[in-house]
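You are given structure tokens for the same protein chain in two forms, set apart as structure 1 and structure 2.
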Structure 1
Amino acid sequence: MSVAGRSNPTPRIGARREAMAGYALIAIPMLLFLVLNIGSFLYAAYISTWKWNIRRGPQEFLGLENFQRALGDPVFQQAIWNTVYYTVLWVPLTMILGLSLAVVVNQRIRGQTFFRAAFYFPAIASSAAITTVWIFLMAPDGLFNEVRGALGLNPLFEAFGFGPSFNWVGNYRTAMNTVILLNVWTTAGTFMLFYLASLQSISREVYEAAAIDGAGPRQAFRWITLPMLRPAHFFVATVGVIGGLQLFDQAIFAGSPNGDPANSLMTVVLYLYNALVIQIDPGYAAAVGVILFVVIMTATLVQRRIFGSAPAW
């Protein structure tokens, strides 16, 4: 029998050992993911069907009563509306600003590293500190009202019902919009980094070929940059929507745990915080958490559908 005709088992054994080593390396992270993420969600879903006591555990089986109670609560309905309103406005504005900053700092300009760091710096600042500063800036006697008065813009603002000493954070008409502006400023730097990484992966040769064919900067951005950034759009939009639906820290700092003024800053996560920490009702809080999870999962799947099937520009 020819020796050359025999199969060599060594590569197969080596591949099997390599696969086993790979599975061994990811075993602990996967176990932690299953326990801390999937397991915690399943446990929350279980708790949500009970009247739950923190020390003594389940007391009375309620079925879907906690969900019906949450969905029928006008405050929770207001929290859903506020959260969706915030997300729908904040995510596109931050994506536009983040992409614009990424395009700017991706150019070969003097001080490129400084501008990248400067634009990203608000993202690493403490949300509590930066929200506190923002409240002082937007206060009745704050810097914003002083500047618009010095520029002679008060008549224009008064035409829309905003007096010279208007409290932008303390008024229910403008409280959420001020938080949106705050977070657009503080988060645009993070989105800028995501877009910058994708921009730097686009070959310069593509733009050079487009320039040879007569394409200007606008045409190159329209027909080259935007289509090739589709994966970045999906990632940034998904991260943004998940973060937007989980708005909490700026809402509680600017509006207290009650979502003041007049529930205008009440969000779903802040409502959950009230149910668990203030009302001490774990079962009800778990039901709110399950509802939020379903909303986030649905939004993620919708985005995947949109960015996965959208035609090229």
Structure 2
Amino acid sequence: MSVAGRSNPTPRIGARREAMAGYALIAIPMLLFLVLNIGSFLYAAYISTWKWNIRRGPQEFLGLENFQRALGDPVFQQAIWNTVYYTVLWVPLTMILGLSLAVVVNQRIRGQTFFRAAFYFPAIASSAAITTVWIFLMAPDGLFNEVRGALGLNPLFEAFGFGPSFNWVGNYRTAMNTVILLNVWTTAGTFMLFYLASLQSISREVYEAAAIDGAGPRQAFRWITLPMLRPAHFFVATVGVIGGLQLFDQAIFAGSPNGDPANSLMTVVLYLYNALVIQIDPGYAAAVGVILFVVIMTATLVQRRIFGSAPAW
């Protein structure tokens, strides 16, 4: 008390001024967060229990009726199925490719910086640009069909029922799988960076000790690298699942706002967008948003169970 008192003769005024400055500096961000994030989070739950008119506000209290309606709608069920299908395939595939790229780039190779930059390259462009290019490449007369024809691979594709000018993005049988392929390709570079950060934190001594004990490269990978990457797996899988369940851009681009072709690209977020922007039914859309939020939270908690605790960083 005495020391602090002596070194600063007016501690109360200084402290108050400092506090006022602190509040002033965070005022605008806090206001935006409270209204557009925290506030809207609670507001969404409220709206979801009402029949809501965009101009006149709440019309009729519905309780859980909006939720029942959504869960009973076959199109919504299809949307959930599509979204889960996408996430369950896309996340592991991207993790495998991302980890492989990270392990390769982490080796002592010439041109390491170049390869790292090249592998990350597809991740920097907008989903809109990438998906447009993808639709162009996979079009009936696009580069993909041309190249496989030129390579003489058409009989192979024919065996699976894909003709020489098959419409990959426009056919309901293949539309979602092409979107998965597209996003594995664009996101693998991002996952690579996450894995790379973890790989580089494993100390060299661990590998040297293992080598002395007679472990080959394969054993070292199986028994050192993979277990040490556990926190990274958790992190990448969590980020992946959260992102995967929110699939929207590529679906609306490759198909349409209606989830074309034949609902095969209808996702939960696309369904929500439809309910709000096209059908203008805010109460119903809010209920879909709450369902999505619950699904994301549940998935995150389940993953925490599987992979153990979150990484230290």
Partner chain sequence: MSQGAATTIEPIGTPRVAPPARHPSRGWRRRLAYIVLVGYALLMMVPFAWTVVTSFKTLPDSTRPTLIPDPFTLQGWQYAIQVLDPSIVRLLLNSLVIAGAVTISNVLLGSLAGYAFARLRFRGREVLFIVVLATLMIPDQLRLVPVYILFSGIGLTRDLGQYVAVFLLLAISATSIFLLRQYFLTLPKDLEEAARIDGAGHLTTFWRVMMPLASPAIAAVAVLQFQGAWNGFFWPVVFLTEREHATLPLGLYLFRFAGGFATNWPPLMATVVIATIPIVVLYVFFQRYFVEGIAASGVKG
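In this text the structure is predicted, and so the values were computed from the model without any measurement. Definition used throughout: the rigid core is the maximal C-alpha set that superposes within 1.5 Å between two forms. Residue positions are counted from 1 along structure 1's sequence.
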query: Form predicted together with the partner chain - which displayed structure it is; finding: 2
query: Rigid-core frame, C-alpha of M20, shift of 2 angstroms or more between structure 1 and structure 2; finding: yes
query: Turn angle in ° for the smaller rigid piece between structure 1 and structure 2; finding: 26
